[in-house]
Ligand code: BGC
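This document opens with one chain alone, in structure tokens, the form predicted alone.
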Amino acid sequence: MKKIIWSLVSILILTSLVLAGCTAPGEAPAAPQAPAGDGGELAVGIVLPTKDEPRWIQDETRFKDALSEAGYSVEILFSQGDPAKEKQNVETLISKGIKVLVICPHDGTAAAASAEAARAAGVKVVSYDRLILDTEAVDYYVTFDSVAVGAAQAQYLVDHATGSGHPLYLYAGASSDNNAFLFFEGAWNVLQPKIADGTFVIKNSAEAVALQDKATLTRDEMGKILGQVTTNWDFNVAKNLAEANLTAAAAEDKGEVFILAPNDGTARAIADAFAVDTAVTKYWVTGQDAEKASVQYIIDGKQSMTVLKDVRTLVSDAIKAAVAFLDGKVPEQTHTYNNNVVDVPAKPSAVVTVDATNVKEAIVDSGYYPASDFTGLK
């Protein structure tokens, strides 16, 4: 009888130990669960706007490389220019338990719904490269100084213009992208005095001509100009618009021309259109993002310059912000950007102007791309 009682007691004790999460004698203890951000896995989801632009594939690669090197894993989804798909991507990542969302919106205003869904789920929202507009649900903005980018593009044109009466063709990004306005603002700040003094003559925007005496433009005024010169960040739109502008232009509107192109993809498309017009004797065209194809264009003399926004820096800043939030801290702030509702904290990164004179130093020697990716590099 005593043996039976002791057997029952032993069973009860072992059962209690199991229920309490303890281990029986001779068993190995359970492996501890690592907290988020403490090695292994970073509870971050990333949503990028499209796979159709080389710039975002570049960002994806940089994120994967940086996070892998840091010992973190991450899921990166693409929205393919569709705000509905973007929101679906965000909801998918929320369902997987992310603590921080890094999102580059296709449409800054439409992305507010995605940011608010994340905020409602207790997720910190980091707006990446493009600002999410018209919502309080943005915790931090990781960006380059977009006004400085536009100013660098315009300054390059100014630096290469001597004399007066030079034909100037203006192009811009998508009106749905807040950055397009900031790029144009920076460019206008530099170009407008040179338009006013006759160095440049605008050839492809009646709205810009009507406003050419204004040193500072309102957003609505910029919007009117963008309505005439937007490329929508689309290569085909850019090429078609440039061809239409050239068809409408008189011979005296050509010769040596100066072209404000908003980014590398559109710069190549626009450059290709101007290059085949026999009345264009020389063109200067701007870009940004240092895409490989545009670096090759610069080496080949087909594109004048690009603005290197070192994605490694931007990715690093995004990861630092995410880790800070995971650790219950606040990312470093030096600036704020108003999104029409709140001032969003940010720490914008520096940019570098690249042309044929420094392309090897800025792109290859810096380790951004290997020399083997290009031909004709000196």
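Only a predicted model underlies this, so the values are computations on that prediction, with no experimental measurement involved. Start at 1 and count along the sequence shown; that's the residue number.
A second form of this protein, the form predicted in complex with the ligand, is not displayed here; the remarks below concern that form.
- Considering the ligand in the predicted complex, the lone stretch of 127-135, 218-226, 270-278, 159-167 in range is 127-135 [heavy atom distance within 4.5 Å].
- Looking at residue 107, you'd find every heavy atom of it more than 4.5 angstroms from the ligand in the predicted complex.
- Heavy atoms of residue 297 never reach within 4.5 Å of the ligand in the predicted complex, leaving it off the interface.
- Contact check for residue 179: a heavy atom falls within 4.5 Å of the ligand in the predicted complex.
- Although the partner is absent here, residue 288 is a contact residue: one of its heavy atoms lies within 4.5 angstroms of the ligand in the predicted complex.
- In terms of contact with the ligand in the predicted complex, the residue from 140, 183, 171, 258 that brings a heavy atom within 4.5 Å is 183.
- With contact defined as any non-hydrogen atom lying within 4.5 angstroms of the ligand in the predicted complex, the stretch 74-89 contains no contacting residue.
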